[in-house]
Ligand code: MSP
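First comes one chain, alone, set out as structure tokens in the form predicted alone.
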């Protein structure tokens, strides 16, 4: 059986989950469900990144021990995924004992193989990013993402040799052995790598107690990013032994936000190269969610809470509105007003209204349901056998917004078909033509129920039930 392994970024637990976390995770869940429908053996990994200076400081501010602090925030993430109907196969925490042991074993191997050496490191460190920045990264002397002046740090440190793997990394990105997509992010990384010599990476921290101690020098803890990346291996059972490549590795798709592209496209593949592991097949980089053309912030008052979305639009409504907001991969702009408008147009007046019209016509007809509805596909029947190649290609290419457009075009065409054919008249004057019209509409809804299944699983089931019973409850109530 074909294997498909997908990961979200491992989310940092310095604060509660927000709409951006939900956006990435819903997209990953859609892809995982889609490949399961195609009969593949799917593994969907997500989790929480729980070490580092930022968390140490946040816990101190909250007057809590770091472990208590991360336990609480990690539980918030798991709770949100349950609310959003996210069906992951494993939720890993970097404070898990198995993960800590594997990271220690890996670091010991890299140290013994001379990939790590002791030296002195000097650089500009942004606590917000938990990483060193170049002067060229700064805007007016500040980190562009966190609007803070990085701290100048100089300390004795353990360094990972990055330069030795730079040329090989460039080659792997160029020939798509390590595919960075969309294309603009591939170009961005190649430009960076060809115009900058990679500095050796400080993989240790002296002033951070909340982390994994280096196995070869316990007076240091491990740099949080190095620790975090290894979750993509330990989450599928890796024990830290380089002889034991996990069954599901390499990942088919790793989702990341554009703000963490550089570390995922340099540190992560270089660590894998030192381990002798294949690189992920696709690193898919997506943009940010904006509101009113600007990044969401409490100061601007343009934040949209994911809990508020769930309350207003429901689970499937929220999933639909986020993924149909624009091209997945680009920045997308959402406002509550526009989402209410789209919810009413596409869900209440669109899909919901079509189902209600068609089932009501079938209900009041003299023909029994079997004349109209083809046999339901079996639950394990691959999507490829009952769908159209063009939408399969869209989802495989992670063009999720375009895939939803494809489905909604069927809905719009069926609405027009009803208006043009006027089946309520046909059933009196031409029963055979009426039956033919109804067969098309019911079979289209049957197809729609399958196509929306990865995106809106609950809605898919409701459509199937309405077709089987010829009874329909409103799918989506209009919002005033």
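A quick note: this is a predicted structure, and the numbers were derived from the prediction, not measured. Positions refer to the first chain, counted from 1.
Just so it is clear, the following notes concern the form predicted together with the named molecule, a form of the same protein that is not shown.
Highlighted residues 10, 259 and 287: every one comes within 4.5 Å of the named molecule in the predicted bound form, counting any heavy atom.
A heavy atom within 4.5 Å of the named molecule in the predicted bound form is found for one listed residue only; from 264, 186, 342, 165, this is 264. Note on the partner interface in the predicted bound form: the residue among 92, 296, 251, 362 having a heavy atom within 4.5 angstroms of the named molecule is 296. Per the 4.5 Å heavy atom criterion, the named molecule in the predicted bound form is contacted by stretch 22-30, the sole one of 423-431, 38-46, 436-444, 22-30.
Although the partner is absent from this view, residue 228 contacts the named molecule in the predicted bound form, with a non-hydrogen atom inside 4.5 angstroms. Taking non-hydrogen atoms only, residue 465 never approaches the named molecule to within 4.5 angstroms in the predicted bound form. Mapping the unseen interface onto this chain, residue 232 counts among the residues with a heavy atom inside 4.5 Å of the named molecule in the predicted bound form.
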